[in-house]
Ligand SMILES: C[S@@+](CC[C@H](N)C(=O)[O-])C[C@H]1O[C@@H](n2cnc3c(N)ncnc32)[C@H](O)[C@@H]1O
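This document starts with one chain, in the form predicted alone, laid out as C-alpha cells.
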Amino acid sequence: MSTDDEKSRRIRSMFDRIGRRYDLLNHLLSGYSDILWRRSAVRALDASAGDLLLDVGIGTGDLALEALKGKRQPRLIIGVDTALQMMGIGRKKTVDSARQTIRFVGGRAESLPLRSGVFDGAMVAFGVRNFTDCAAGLRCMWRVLKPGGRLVVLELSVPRNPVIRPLYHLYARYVMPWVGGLISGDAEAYRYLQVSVEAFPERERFRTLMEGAGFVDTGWRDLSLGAATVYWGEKRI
C-alpha cells in the first residue's frame, strides 16, 4: 500500500469513527460560526438555477444542504467522499425533496470518478486539508468543471492578528482535543484537526496552488477574524 493510500485509509477511518458527533462538534467548537461560513461559501459560489454542482468531501452533507436553501436551486449536487459511513449519515439527513437533488458517491478527490467538463460549480468545505495530494485534487476538480465553472473552497485557518493568534493556538491545542475527545470519544481526531490546520498552505500559498492547477481570477477572504477562509477561482480556456 502506498503512503497516499495509507493516509487516505487512516483519514477515512477517523472520520467514520467521529461521524455521529461530527456535526455537533463542528457547531460547538466554532461557536456555531460554521453555519455562517458555509453560507458565505455558497454565496461565493454564486451558482445559477439549474446548475450541476460538485461537493468534494461532502461528509454529512451540510454544505450541499446549504446550497439548496437559496432561490436559485441547482439541478443536482453530486457529493464525493471516501468516508462511506459519514455519507450514510448525510443520506439520512436529507429530506425527501433534497434526496432527489443530492447524490452521494464514493471516491477520492485526487481521482474523481466523474467525466471531464460537466460541472457548473464545485465546492469543498473543510476537506482540502485531508487530500492526500492537494495539487492533484485541485487539478482533478479543474478537470471536471465546465469552462467558466467556479470552484469555492472553505477551510479553517490560523488567525494572523498578533493578539488573537496565540489565543487561537491555546484553544486549538488544548480545548478542541479535550472537548472533541469528551463528546466523540476520539481526542486524537481533534489533535489531528489542529495539526492539519497549521500545516495547510493558507491564503496566498493556497491561491498559488489553485493557479498552478489552472484556475484564474482567484481570490480569498477571511471569515471570523481569520478562523476560516473562503477561496475561489474559475476555469477558463
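When you see a residue number, it is the position in the sequence shown, counting from 1. Note that the coordinates shown come from a computational prediction; the quantities given were computed from them, not determined experimentally.
Beyond the structure shown, there is the form predicted together with the named molecule, which is absent from this document and is the topic of what follows.
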Would you classify Arg143 as touching the named molecule in the model of the complex, given a 4.5 Å non-hydrogen atom cut-off? no
Though only this chain appears here, would Gly88 touch the named molecule in the model of the complex if you measure heavy atom gaps against 4.5 Å? no
Is there a non-hydrogen atom of Thr82 within 4.5 angstroms of a non-hydrogen atom of the named molecule in the model of the complex? yes
If you check in the model of the complex, is Ile78 within 4.5 Å of the named molecule, heavy atoms only? no
With the named molecule left out here, work out from 145 to 153, 68 to 76, 161 to 169, 122 to 130 which stretch has heavy atoms within 4.5 Å of it in the model of the complex. 122 to 130
So which of Met210, Ala41, Ala47, Ile58 gets a non-hydrogen atom within 4.5 Å of the named molecule in the model of the complex? Ile58
With the partner absent here, would Phe15, Asn26 and Arg108 each sit within 4.5 Å of the named molecule in the model of the complex, counting heavy atoms only? yes
